[in-house]
Every structure is written in C-alpha cells, then in structure tokens.
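Take a look at this one chain, the form predicted on its own, written out in structure tokens.
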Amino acid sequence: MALLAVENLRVTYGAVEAVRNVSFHLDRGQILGIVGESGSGKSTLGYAIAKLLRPPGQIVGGHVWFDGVDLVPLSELELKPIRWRELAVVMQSGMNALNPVAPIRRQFEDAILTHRPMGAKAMRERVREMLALVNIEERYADHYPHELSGGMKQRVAIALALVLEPKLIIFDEPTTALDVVVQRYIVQNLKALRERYHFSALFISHDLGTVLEIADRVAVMYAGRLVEVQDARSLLQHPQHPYTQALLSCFPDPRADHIEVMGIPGSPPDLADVRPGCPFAPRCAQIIDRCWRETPAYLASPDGNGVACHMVKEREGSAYV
C-alpha cells in the first residue's frame, strides 16, 4: 500500500479553483518531485495534503490517504498526533519561518516536548545530533535565527522537520532564494538524510533541474492540474507533454558545444477565468483543433505514470487507459 494516495483532490480560494482533481500516489521511501511555474497550484497542493491551508483556501473535494487514514475529514485535534510526528513540512522560505524571538534550541525543544517528551539530557543530545546531521555546530543552538546565514537557517528548518523522524516530509521550495552553491549542498544533504532515515518526501519546486536530481518520480503541474507523471529518468529522456518538453528546453546541457536557452511564450492562464479546451493550448506549438474545444483528461497507465494531452492519446493509443 502506498504511504500517500491523493484522490481527485480539489482546492478553492473563493471562486478560484487552484487544484483541480489531482490524483497520484507516493510509495514508502520514495521522493516525488512536483514541478511547475508560479501559480500552477503546486504549493497549494502541498499545504492541502498537510491540512495547512489558510482561509479562504479550502478542500472542496477528494481524499488524502496517509498511511491508510483519510486526512481530509480530520479535525485539528485529530491531526495533532499526526503532524510533525508522522508528517512534517519545510515551508517555502523556511529559513524565514523560524520563530525570530526564540533561540534555535528552544524551537527544537518545543517540537519534542509537544509530541514526544523526553528528559532534559536526552533532549539536549537530540538537538546536538540533529544539528550535526545538517553540519551545524552545537554552539549555534543558542543563537537566534537572525544570527544565522540563509543557508544555515534552511538547514535548521530541515533538521526541525526530521527531529521526530516522520514518515513523510513535504518540502516546499526548500532551495528558493539561496545561491547555487548552497542549493547544491542542501540537495546533497537531503539525499544523505533520506538514505539514513528512509523518509518519503514531496519535493515542490519551480526548478526542474533540482527536482530531476533529487526525485525518483516527477509530477508536472499546470493550471492546477497534473499534466504528466513519470520516473525522473524517463521524464528527462522521453517527456510526453508539450509543457514538460518546454520546461526541459529551459534547462540546456552545460556540456554542449552550443547552448541555446529557450523560453516558453505567453503566460499561465488566469484560474479565475477558465475557458474550454486545454489550458496550455495558447502556449503550445503542437496543438490540434481538439485542444481548443476539450480539456484533456489525465490518462494513467498501468505503471502509475500518466499524461493529460490529446496529442499523446492519439500517438500512443492503447498505451494509456
């Protein structure tokens, strides 16, 4: 059984439907990357799974099965023993999500005492151990967040998410606003931590290159929908959806003799003004007449991968059901 199974999830902000009938699964020990442009719904999806949406955001349909339990109908009281112990979140710009008026040590102690109390000596050792995992010296435990660099604060946020060894961690843009050297270091650190703790993860990012490096599978979102899910290597070598192909064209091979950086013309659609047809059609170079009239259904193959594209359906025929 998958650790996480999202079924036909729908999220709205007032009259705007930001997540539209999204379904996917995440196996134990697996990292699923979720990628898309700003406004695609990927962060909203992550917060909906963790039941951390802020008003007026609300789940209006679907299920989020986590370790056999549907989180959607649960109350805040029922979610309390699950959050942080079983499911943790590293928020977007997590380095700014730390409590600015509490030392780093206190923030670890609050999480431990709330969910898994232990003695003072054991708790001190746990804080030292977790900081060491992200290569931060224990002396920084008594510093305030503003006394740490951006990269250090992001690593502290990751260590906080791991302190209770949850089964699932949702990383929302964990490398945003960091320089490329620090980004690289954090990605390598996450790989090592996954090997040690065997957690599953959703890694949400607009950076397809980073996602392909860390994820086992990749889900591509556009206009609130999934448009493609594939194994990372397969997606890199054989992208199916025109949007995925366009995203990959924005990341040229630096080893090539001639590098040409491509862009995607146009802008993502306004989700408050939904029109018939494929939402990517105005920006797509492979459209057919049907694309303007019908919204393509997300077609899942027996291996769990899928795509939402009229062209793929016509090309592959019975490969998708």
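Position 1 is the first residue in the sequence shown; the rest follow in order. Bear in mind that the values here come from a model prediction, so they are computed numbers and not experimental data.
The form predicted together with a small molecule exists for this protein as well; it is not shown, and the discussion that follows is about that form.
- A residue is said to contact a partner when one of its heavy atoms sits within 4.5 Å of a partner heavy atom; S38 meets this definition for the small molecule in the predicted bound form.
- Although the partner is absent here, P276 sits far enough away that none of its heavy atoms falls within 4.5 Å of the small molecule in the predicted bound form.
- In the predicted bound form, at least one heavy atom of L271 sits within 4.5 Å of the small molecule.
- In the predicted bound form, at least one heavy atom of T44 sits within 4.5 Å of the small molecule.
- Residue-level contacts in the predicted bound form: of G68, G266, G263, P56, one residue has a heavy atom within 4.5 Å of the small molecule, and it is P56.
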